[in-house]
Every structure is written in C-alpha cells, then in structure tokens.
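Here we start with a single chain on its own, the form predicted on its own, put down as structure tokens.
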C-alpha cells in the first residue's frame, strides 16, 4: 500500500487544476484538502508530512475531479462565507458574491436596529442574515419563489442564530406588511449575456436566480411597480444591478414616480447598486 502525504496531495491536485485551466490552482487544492482533513488551510504546510487515510484520499479525489470539471468550489464544499457568516450553499441557490457585501454596507451605514426590512429573492438568505447579525433587533422578513432555496435559507438563519420570517412568494405576491427597507439582488442577466457567462456559472448555478427577461430588467420593473404598496413613508429600496443597467433602471424608477434615486459603483467602477426613495 502506498502512502500519500498532504504535501504530495497538494502537488497532485495543483497539477490537476492547472491542467483544467483553473485560476489559483494551489489555493483551490488547499481548500479541498483542508475541508476533508479538518486542518485549517493556513496550517496545511505545518502538517505537510501527515499521511492521509484511504477514506480521506477517496474523498479528496472525488472533490478534485468535480472541481476539475469546473463545478464551483462552494458547491463542492457545501458552504461559503458572506460578511463573516457561514452560509450553506446548494445548487438550488446562487453562490453569494463579495460585491453584494457592499450593498449590505450601504444599508448598515444608514439605519439603526429599530427598522423593518424585507429581503426579496433571498436565495441562500445571505443578505438578510448579514443585516440580522449587524442589527440583532431589526425585524427582518425574506421572500423567495423557490421552496428549495427557502429551505437552505432557513438552515443558514438557524446556524447563524438570526431570526428571520420567511415567505414562499413571487416577489410581493404573498406579502401583507409594509417595511422601512426593501432590499433585493434579483436575477438581472439577459438572455444574450447568459449564453456568454463562464461555464462555472452557466452550467452549475440555478438559471432562475440569474436569468431575467426584458433585457435583464424584468424583476426591476416588477419591484418598482409594486413596491410603493409595501414601503413605509420615508422608506427606501436598495438594489444590486448589472454593470450596464444603471441608466435604464433610473428611467424605470422615474416612470413609476420614484424621485430619490442614487446609483453607486462597485470597486471596478461599474454601476452596481441603487438606492430609491419615495
């Protein structure tokens, strides 16, 4: 029987991922081996001569083969981190993106705990959970049309000890309350853009969480058409948007009578966030 050490496994996986044209192959190898062995990633090299068990080798091989096929690492490991929270992810939910943390920052900079908040299209629940961790006494509700996504979101709220009232709803359809804050990162990828997405996104992440009709603007039109019935006086809507959608969404908002509209850029200088008030 041959013995394989952590060092040898790291070398093997790094070569596999290089051949698969994955970015940062050695880092991805570390994440997989750390997840299987339970050794923190930054401590792997301190344990480089540790011999892996046959069970560990089998699991590492299985996960590495999936990653070499460009399945997202977050789905393979079953979790990711968002705003310091541990977020479980399954193929039923979109993988949380770091840029969405800045949408959370915008809300956090403008409010206190004594607010009511609705997260539309909550997916994994990451936005609502992040704000719940910042504001433990905020009243938070979250809605999604996918029962499977809501199951994951409920688990995430539980493991992060955040109280959220969840609703299975097509946007506002099943909701009855009014809120000071409405926040959403809805699907906004057009049909043409969807075909051009990286295979890791297009082939593995849920299409319904990405693709939107009307050139990617369908859900923004619906939200802005209906939101006044669910927003308290002085309330605000916070949206994450596509990089080329700022002007179009501003026009949609104005057409529905919204007057206070601010667009902010992400770190790349692209339009990414909108705040809309009444």
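Being a predicted model, the structure only gives us computed values, none of them experimental. Residue numbers count along the first chain shown, from 1.
From this point on, the text means the form predicted in complex with glutamine, which you will not see here.
Heavy atoms within 4.5 Å of glutamine in the predicted bound form: which of the stretches 181-189, 157-165, 70-78, 130-138 has them? It is the stretch 181-189.
Does any part of residue 100 reach within 4.5 Å of glutamine in the predicted bound form? Heavy atoms only, please. Answer yes; at least one heavy atom of residue 100 falls within 4.5 Å of glutamine in the predicted bound form.
Heavy atoms within 4.5 Å of glutamine in the predicted bound form: does residue 153 have any? Result no; residue 153 lies far from glutamine in the predicted bound form.
Is the gap between residue 209 and glutamine in the predicted bound form 4.5 Å or less for some heavy atom pair? Residue 209 belongs to the contact set for glutamine.
Touches glutamine in the predicted bound form: residue 175 (any heavy atom, 4.5 Å): Looking in the predicted bound form, residue contacts with glutamine do not include residue 175, since no heavy atom lies within 4.5 Å.
The unique member of 88, 145, 94, 107 whose heavy atoms fall within 4.5 Å of glutamine in the predicted bound form: None of the other options qualify; the answer is 94.
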